[in-house]
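Encoded as structure tokens, the following chain is the form predicted alone, with no partner shown.
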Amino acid sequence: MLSRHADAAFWIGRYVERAEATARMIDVHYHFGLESPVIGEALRWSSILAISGQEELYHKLNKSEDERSILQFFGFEERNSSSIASCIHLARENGRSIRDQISSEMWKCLNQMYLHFREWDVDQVLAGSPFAFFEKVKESSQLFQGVTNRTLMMGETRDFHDAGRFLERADQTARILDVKYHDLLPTFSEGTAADAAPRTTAEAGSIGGPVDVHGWIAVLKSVGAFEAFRKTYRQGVTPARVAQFLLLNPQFPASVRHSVGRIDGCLRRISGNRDHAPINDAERQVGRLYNELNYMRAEDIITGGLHEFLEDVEERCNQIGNAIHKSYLSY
């Protein structure tokens, strides 16, 4: 497979996943602020900017953090390569460059996404329902992923696409959890376990209070994990359980552990490596992170510092992306 074709497949996976993740993030935290008057508007928008890592660009283009500016920046801003409109446009352009490598149904889906969302703008979203817009983005992304799973042959194109998709997913999950951890300031102590009863107060705005619990529910909803979490932990929502589920659960498709495992499988199929030892830097970095996650416990992460761990995961996702580019995609 040509490097430029592999690069296009890889970035189709990343861009479509990023468009959905951005829609989920804005939708959930938008409504979280509306439903929780204790949370100020500034905190709501600053959280979204911190999750995205686009604070510098945002403030370069906008003078204030207000609803219209945020929705324009993340929904339609052409100068923001991570906006929903930009991601869909870039995914389509990459798809057009490898139309002979992907299925016709995939191309049709990408093209329809682009043509549909080209008709939207921020004024139309605000005049109607922001929820309807974000829901349409999520549905379009999920439709594309379903079409891909159904029609794309198993092979290198599929593996590069999935490697990009799950790398983006692991990074987004870590970012969302890290930022909301600082917003809600949960109190962790050494030895706190995911199945332990929370030691909290119940005052509004306090740790374990209504705002705190609602905030962690928002985190779960941001990655589509709320229903799966409730089926796994019937005792209720606590920060430790959320961290355990989103970081280390091997069966939930948006957990960091599951996502990194999927990347590891993709890279080994691409290289044909059946040995335990990695044969390039991309396999080495992915394998090291995956093995650490397999043998790690939530208590270990919390004791060592959740924020520090999440920052490390984000940095290592970036390093994995660079290693994949160097090993396979540079041309």
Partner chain sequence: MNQEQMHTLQAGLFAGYDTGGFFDEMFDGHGPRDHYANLYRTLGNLTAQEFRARCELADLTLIHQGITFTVYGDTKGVEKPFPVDLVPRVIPANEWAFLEKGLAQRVRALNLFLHDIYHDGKILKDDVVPRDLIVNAPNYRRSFIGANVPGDVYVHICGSDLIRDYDGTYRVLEDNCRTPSGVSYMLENRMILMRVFPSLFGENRVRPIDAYTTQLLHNLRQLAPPGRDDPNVVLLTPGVYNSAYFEHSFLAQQMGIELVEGRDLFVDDNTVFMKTTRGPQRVDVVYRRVDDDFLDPLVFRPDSALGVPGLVNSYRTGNVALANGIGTGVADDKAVYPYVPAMIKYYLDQEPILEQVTTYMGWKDDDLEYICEHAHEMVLKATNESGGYGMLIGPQATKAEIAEYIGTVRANPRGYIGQPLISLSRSPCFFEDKFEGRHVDLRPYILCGKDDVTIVPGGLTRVALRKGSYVVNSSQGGGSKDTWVLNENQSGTMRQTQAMGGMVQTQQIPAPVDKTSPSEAQ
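Only a predicted model underlies this, so the values are computations on that prediction, with no experimental measurement involved. Numbering follows the first chain given and starts at 1.
What follows is about the form predicted together with the partner chain, which we do not show.
With the partner omitted here, the residue from L289, I270, I302, I26 that has a non-hydrogen atom within 4.5 angstroms of the partner chain in the model of the complex is I270. Among K221, K138, H214, R96, the residue placing a heavy atom within 4.5 Å of the partner chain in the model of the complex is R96. When the partner chain is considered in the model of the complex, E119 lies well away from it, no heavy atom lying within 4.5 Å. The partner chain is not shown here, and in the model of the complex it never comes within 4.5 Å of any heavy atom of E105. Looking at 127-135, 153-161, 248-256, 69-77, the stretch with residues near the partner chain in the model of the complex, meaning non-hydrogen atoms within 4.5 angstroms, turns out to be 153-161.
Shown without its partner, the chain has M1, L2, S3, R4, H5, A6 in segment 1-18 as residues with a non-hydrogen atom within 4.5 angstroms of the partner chain in the model of the complex.
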